[in-house]
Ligand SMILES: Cc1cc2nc3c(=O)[nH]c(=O)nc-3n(C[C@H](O)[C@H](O)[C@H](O)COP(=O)(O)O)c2cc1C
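Quick heads-up: it's one chain on its own, the form predicted alone, in structure tokens.
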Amino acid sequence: MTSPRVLILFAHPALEKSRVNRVLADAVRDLPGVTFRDLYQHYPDLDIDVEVEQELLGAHEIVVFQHPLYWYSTPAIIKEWFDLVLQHGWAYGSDGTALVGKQVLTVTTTGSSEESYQPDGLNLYSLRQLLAPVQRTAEFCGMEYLPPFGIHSSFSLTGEEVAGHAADYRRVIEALRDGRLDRAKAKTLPKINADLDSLLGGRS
């Protein structure tokens, strides 16, 4: 059986200022079976080529959105990508079955602590709750949405901690690509990297 192919759609509007996402990207961009695509590099004016993006989606079984959390949401280009690429009759609707069965993972970073993303914390909502629009978009298109890979306190992480998160990210992508991640168990977790070791022993 051919390993599933992973499409990573990377979006960082200020990559030159990135402490974490740049390291995460470097950890996965060279993996076999993975297509790494920097959306802002391809579309600096947000002029998205819908046909190209749909062809890429059709060629991959797993779609990963990697980005920092911007104002409790995704960077603007990902919303634009959703609006243009996920067309009626292709991604959804009675004849829109192109994405059915594909898996979706969000990989995101926040400047605030994990404790602040709780009902009694500064931000009032969990990371999973704030990403609900992405989850519902994926599910509406018949895709399987996995809990996010979330990294908090990005401004205060040490270099060693960033490297550890990058290594975990690479492990997750390899496991998804090879069908080694326990997706059923993952769905019981608030984040896919909350208990990563327990997810990599079984088949998906």
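Every value quoted in this text rests on a predicted model; they were computed, and no experiment measured them. All residue numbers refer to positions in the sequence shown, first residue = 1.
From this point on, the text means the form predicted together with the ligand, which you will not see here.
Exercise for the section: Examine G150 and determine whether its closest non-hydrogen atom to the ligand in the predicted complex is within 4.5 angstroms. Expected result: G150 lies outside the contact set for the ligand.
Practice task
State yes or no: in the predicted complex, is some non-hydrogen atom of T109 no more than 4.5 angstroms from a non-hydrogen atom of the ligand?
Solution key: So T109 counts as contacting the ligand.
Exercise for the section: Give a yes/no on whether F140 approaches the ligand to within 4.5 Å in the predicted complex, heavy atoms considered. Expected result: F140: no contact with the ligand in the predicted complex.
Handout entry: the ligand contact in the predicted complex: V20, any heavy atom under 4.5 Å
Key = Judged by the heavy-atom cut-off of 4.5 Å, V20 is in contact with the ligand in the predicted complex.
Problem - Proximity to the ligand in the predicted complex (heavy atom, within 4.5 Å), stretch among 25-33, 152-160, 172-180, 56-64 - result: Only one stretch qualifies here: 152-160.
Handout entry: Candidate site L69, Y72 and Y117: all three near the ligand in the predicted complex by heavy atom within 4.5 Å
Key = Looking in the predicted complex, the three residues L69, Y72 and Y117 all sit within 4.5 Å of the ligand (heavy atoms).
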